[in-house]
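Encoded as structure tokens, the following chain is the form predicted alone, with no partner shown.
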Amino acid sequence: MNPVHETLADAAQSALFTDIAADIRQQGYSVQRDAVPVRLSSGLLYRLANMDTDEFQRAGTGRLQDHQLNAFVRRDRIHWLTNDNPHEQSWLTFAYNLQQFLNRELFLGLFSYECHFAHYRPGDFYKKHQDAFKGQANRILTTVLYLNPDWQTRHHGELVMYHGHGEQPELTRVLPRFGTLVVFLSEEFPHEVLAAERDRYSIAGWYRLNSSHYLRSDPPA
């Protein structure tokens, strides 16, 4: 990338991060369409297109000893991202840059980030749930990047977010269109994934606090 293009890319990223920070400060969530550079999102799509089925595993609920598979709650399949693949590494670098920016602007104390590809086959869903509960987890901020070109309203598969806790009305619905990035406070917004009419791909991720102590590391190694 030449210096001019690099400067423009840096400016675009800074503007995006500024918008996300402002939304989080004002309302606790942000929906940004065409958020990430085309080179990054296209690389991630290329990575997905070249993955074997056995590189995905059934997703479960809970962590460690509480982890369980429950097809009545969720039916997606996942693959955790690492730095071993250059396209996955590019997303992790982008997420790290966002982490640093939000820590400076919002003083969130975000310590680490974990994320996975999620593949929802036609008819798959994830029922209403929360990514973290107050005082019981250290997931602070959730991110979802959608990787579905040419997604139409008729394909469904929306992310539905709700106001607060209990039987609250819908807050918003987000179609999983290519390049859309959703960021929200993990403890504040119950949400669900509706069944889609075609294969649906995303990267779901979570920024975490550091709750390690001398008897236990968190996140686990």
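Keep in mind the model is a prediction, meaning the values are calculated, not measured. One-based numbering along the sequence shown.
The same protein has a further form, the form predicted in complex with N-oxalylglycine, not shown here; the description that follows concerns it.
Looking at 24-32, 50-58, 192-200, 37-45, the stretch with residues near N-oxalylglycine in the predicted complex, meaning non-hydrogen atoms within 4.5 angstroms, turns out to be 192-200. When contacts are judged by a 4.5 Å heavy atom cut-off, residue 20 does not count as touching N-oxalylglycine in the predicted complex. Shown alone here, residue 114 lies farther than 4.5 Å from N-oxalylglycine in the predicted complex, counting heavy atoms only.
At least one heavy atom of residue 144 is located within 4.5 Å of N-oxalylglycine in the predicted complex. Residue contact check for residue 126: one or more of its heavy atoms lie within 4.5 Å of N-oxalylglycine in the predicted complex. Shown here without its partner, the chain carries 120, 131 and 159, all of which come within 4.5 Å of N-oxalylglycine in the predicted complex through at least one heavy atom.
Interface residues of 18-50, taken as those with a heavy atom within 4.5 Å of N-oxalylglycine in the predicted complex (partner not displayed), are absent.
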